[in-house]
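The chain below stands alone and is given in structure tokens; this is the form predicted alone.
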């Protein structure tokens, strides 16, 4: 059957979410020679056409414009603190001999007293024992809950809705006892603790279930004046914005915890949660290190390259992730006033690490690399160095200074190799 007819059949079948994305992976372009010519939006020129030549001009003129463009066209605008009011932190457990005595584990419940309809979020924090000073901390969301992140079996099992997964032992959209530790390979807690660092995580579904109608049961509906009857408009925040909000609330808590150095926080995420970490880092400069792991389309990868996952595919499969406006750029990327090198630049002058995997062609590793390369002029305004190379490096050969990058052996995942690089990178800048 001709390729274009196959594509039409798939679209007519109205496949959504993971099924649609998986089907589209087989039809995607992976040929560099078939990428149409493109021109990236100017990074160092204001909307009024003024050239940006200093760090001060970037900080006070261009950066606010770029941030507003991402709010308007991609992720939506996060409501102000006045909308959600006070945040309560309740430490529900302290285990001082966690991980065989290496760490202290705290479980913290975050809630909004002015919005009791929201069930809140449960944060898990591990801090190294015997460090003698507050620890720097990696902060990131998890896909399957605190009980899946840790190998310890005494962590409460999440009761929230979860995406179906046979591999992770999610049954009827709920965690099971067999799902304990299922995500622990992505969170090498002992490695992090042994390096003198803390790690804080939360289940992203605590803020909003990751499905098209999930917002009706999550934070966005609770904070909206119209609740589950809300009609989201262009520029209103999507799920990625809500998940990033959760990361900033963890930063709020960490500022109150004497065991953590809240001036040394690295935000980290993988895949859709890598998109989330980039957006959290763009909005919240308390995250002084930003890490994107295989974040792909909608994250670090240039949208105009149209290779692997595209804007058309991601906005059809996961419309709830973004503001309503973003779908307008499906097959119309050139009309979008931003591209993802501008998202990377929003981290400047803070250090940022972008990572790819050689088998993860769906996420466009080269496009992820190029975003960091094209963000270098902003870092240069601050006297910061970027990659130090102009071509994508060899596999398993990290490059970079304030902007760093690697493409590793393997698939779409977070591995010990990735974490080894992130720990070196963060500690070098801390």
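Numbering follows the first chain given and starts at 1. No experiment lies behind these values; they were computed from the predicted model shown.
Although not depicted, the form predicted together with ligand GCU is the subject of the following passage.
Enquirer: From the list 138, 245, 353, 321, which entry has a heavy atom within 4.5 Å of ligand GCU in the predicted bound form?
Expert: So the residue touching ligand GCU in the predicted bound form, by this definition, is 321.
Enquirer: Using a 4.5 Å heavy atom cut-off, which residue among 362, 58, 387, 70 comes into contact with ligand GCU in the predicted bound form?
Expert: By the 4.5 Å criterion, the partner-contacting residue is 362.
Enquirer: Does residue 206 reach ligand GCU in the predicted bound form, with heavy atoms at most 4.5 Å apart?
Expert: Residue 206: no contact with ligand GCU in the predicted bound form.
Enquirer: Against ligand GCU in the predicted bound form, would residue 236 count as a contact residue? Criterion: heavy atoms within 4.5 Å.
Expert: So residue 236 does not count as contacting ligand GCU.
Enquirer: Given that ligand GCU is not shown alongside this chain, does residue 142 nevertheless sit within 4.5 Å of it in the predicted bound form, heavy atom to heavy atom?
Expert: No, no contact at 4.5 Å.
Enquirer: Using the partner position in the predicted bound form, report whether residue 272 sits within 4.5 Å of ligand GCU, counting heavy atoms only.
Expert: So residue 272 counts as contacting ligand GCU.
Enquirer: Considering ligand GCU in the predicted bound form, find the one stretch among 342-350, 306-314, 75-83, 251-259 with heavy atoms no farther than 4.5 Å from it.
Expert: In short, 306-314.
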